[in-house]
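Below you'll find only one chain, the form predicted alone, shown as structure tokens.
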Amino acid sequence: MTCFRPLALAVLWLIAVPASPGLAGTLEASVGPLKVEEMADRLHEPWGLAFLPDGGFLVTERGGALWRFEAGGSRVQVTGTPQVWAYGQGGLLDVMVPRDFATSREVFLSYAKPQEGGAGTALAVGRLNDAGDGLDDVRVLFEMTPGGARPQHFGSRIVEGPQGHLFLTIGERGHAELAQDLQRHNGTVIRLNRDGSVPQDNPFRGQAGAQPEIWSYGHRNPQGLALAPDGRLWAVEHGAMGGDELNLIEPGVNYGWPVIAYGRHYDGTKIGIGTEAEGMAQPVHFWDPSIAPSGLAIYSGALWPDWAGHAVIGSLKFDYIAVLDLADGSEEGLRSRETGRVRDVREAPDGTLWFLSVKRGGVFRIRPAGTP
């Protein structure tokens, strides 16, 4: 197990700001001027974004809609999506297009699935038809142990691993103590085979009293998950009042919630026993005050070599995008009128950075200014 000491308390250095009122959408950043462009609008609570190999992309809306956008800008609502529990923070959440989409046509969706007495995080897969307007053969690959009636903390970010495994984050559903209970899926990152079965080398497979899908546990509400170019898996999760975390996700590791945390309960009282405990991993980085981190990308450096290996994180609370140097913990902020309540952040195949803005109801692209 690898343990880290947090690099630093983050200071919000919002050095990337609109250049002038007449150049809306242009940012001055450490890597040079950036252009922010709207790629889609008129979206209601967009949650997940995924790229298609033909230059198009998919976007989920929390209320239950899945949209396919063509490279030219036209859109169609995709039918056949599963029934969702669109209440509180629940609904249709992430979307993931696997590397073999050109041949498989498969699309993976995470969502709040109605259950007796409430809802729980689930993962489904379907085949996008040739017309691109419907999902066929939709089936549920995974459904968490009963999530409960509370309306928060579904996690739900999906990543395809280096060997094709599926990783899914699950929040503790407002039941903090269950994040330490291996008999439940609350507060975990799970790992599945492509067909929903459990990999032979999962750390808790075959262990009595543990759910075999669990890869890591002790999480609060991880809403960002990303595979770095070097194959390592990273996650960001919401703290309570302070204590948002960036963690390097490793098999079998306990990340501490709610026994340890860098933050306090919303009523100001102490969480758990403090910030450290034997057998519990330290975050690589934490934020206090909370930025409410959501989408996460680990940048390749394709267009901005100085940002290679940096974590790019959306803030729901402070309406900006954090670019975090994992080597020293320094942070650069990208903020413009477009970065209102950033829900997802992705690196596109061409190296541009895309994000979803809940406040603006749109999809935006960041590229070097002056390029076509």
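Worth saying up front: this structure is predicted, and the values here are computed from it rather than measured. Numbering starts at 1 and runs along the sequence shown.
Unshown form predicted together with another copy of the chain; subsequent notes refer to it.
Of the candidate stretches 311-319, 50-58, 66-74, 337-345, only 66-74 has residues whose heavy atoms lie within 4.5 Å of another copy of the chain in the predicted bound form. Contact check for G117: a heavy atom falls within 4.5 Å of another copy of the chain in the predicted bound form. Within 4.5 Å of any heavy atom of another copy of the chain in the predicted bound form lies no heavy atom of M280. For Y266, no non-hydrogen atom is located within 4.5 Å of another copy of the chain in the predicted bound form, even though that partner is not displayed. Among heavy atoms of Q83, some come within 4.5 Å of another copy of the chain in the predicted bound form.
Contact annotation: of the candidates T79, Q163, S197, Q183, the single residue with a non-hydrogen atom within 4.5 angstroms of another copy of the chain in the predicted bound form is T79.
Residue A149 is the only member of 136-154 with a non-hydrogen atom no more than 4.5 angstroms from another copy of the chain in the predicted bound form.
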